[in-house]
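In structure tokens, the next block holds one chain alone, the form predicted on its own.
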Amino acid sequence: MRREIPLIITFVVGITLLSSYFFSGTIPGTTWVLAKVATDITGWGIIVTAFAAGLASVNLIRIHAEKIARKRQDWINSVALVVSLAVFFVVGVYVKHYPKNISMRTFSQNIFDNIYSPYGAAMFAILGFYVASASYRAFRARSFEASLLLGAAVLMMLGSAPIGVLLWNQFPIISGWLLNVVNSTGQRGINIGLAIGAFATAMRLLIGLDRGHLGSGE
């Protein structure tokens, strides 16, 4: 029963949410019931997500507290992580419950503007260098496909950079065609494949073929 009950709950919740989306208003007398039940389930889903985030935070603190206690390599980074997590949590909860406290609201905004945002910008800057290095490795014309990729990348850069317009005024038009026609076609194919894969995964979960969420790879 430890496996059957979660499978039944998954099936009932999934079918209810699907029915509320596809059959609301089409079956007489079911519109209100389906909408109410789906809304309640969605609310419970938000609660479960909040508890999952809390559990993840506790697990994060446990792992890094052990690292700090044993002073393993780079343990000072764990100290910064735990302190930052505690400060953001305390300040966020306080501002949420006491929004009229202007000083704490200003402090919370300063933390976001002067600490979180610069760190985020630094991370994206580092990712920019990583993408540039990965592009250099990917764009080497070792095959016909790689040559096409390299040519498209060069045309896109020339069409987006100001120097491209000075060299030839048709570069922006070619770049726009590659972006809006060729790229959109590929993206639609990828999206269709993702939708089919998501549908297949959802059906496997609903009928109990995929039991990974039960802690088993079966």
Partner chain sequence: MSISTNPWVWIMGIGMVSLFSFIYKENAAYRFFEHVFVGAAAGYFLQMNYVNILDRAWIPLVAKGRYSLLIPIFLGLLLYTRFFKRYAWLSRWATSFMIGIGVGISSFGMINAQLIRQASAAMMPFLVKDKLGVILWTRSANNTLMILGTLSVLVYFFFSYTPKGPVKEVTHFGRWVMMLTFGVAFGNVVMGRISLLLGAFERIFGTWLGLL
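Since the structure is predicted, the reported quantities are computational estimates derived from the model, not experimental observations. Numbering follows the first chain given and starts at 1.
The protein also exists as the form predicted together with its partner chain; that form is not presented, and the subsequent description refers to it.
For the options 166, 35, 65, 58, the residue carrying a heavy atom within 4.5 angstroms of its partner chain in the predicted complex is 58. In the predicted complex, residue 69 stays away from its partner chain, with no heavy atom inside 4.5 Å. Within 4.5 Å of any heavy atom of its partner chain in the predicted complex lies no heavy atom of residue 173. Mapping the unseen interface onto this chain, residue 99 falls outside it, with no heavy atom inside 4.5 Å of its partner chain in the predicted complex. The shortest heavy atom separation between residue 14 and its partner chain in the predicted complex is within 4.5 Å.
Residues of 38-56 placing a heavy atom within 4.5 Å of its partner chain in the predicted complex, in sequence order: 40, 41, 42, 44, 45, 46, 47, 48, 49, 50, 51, 52, 53, 54, 55.
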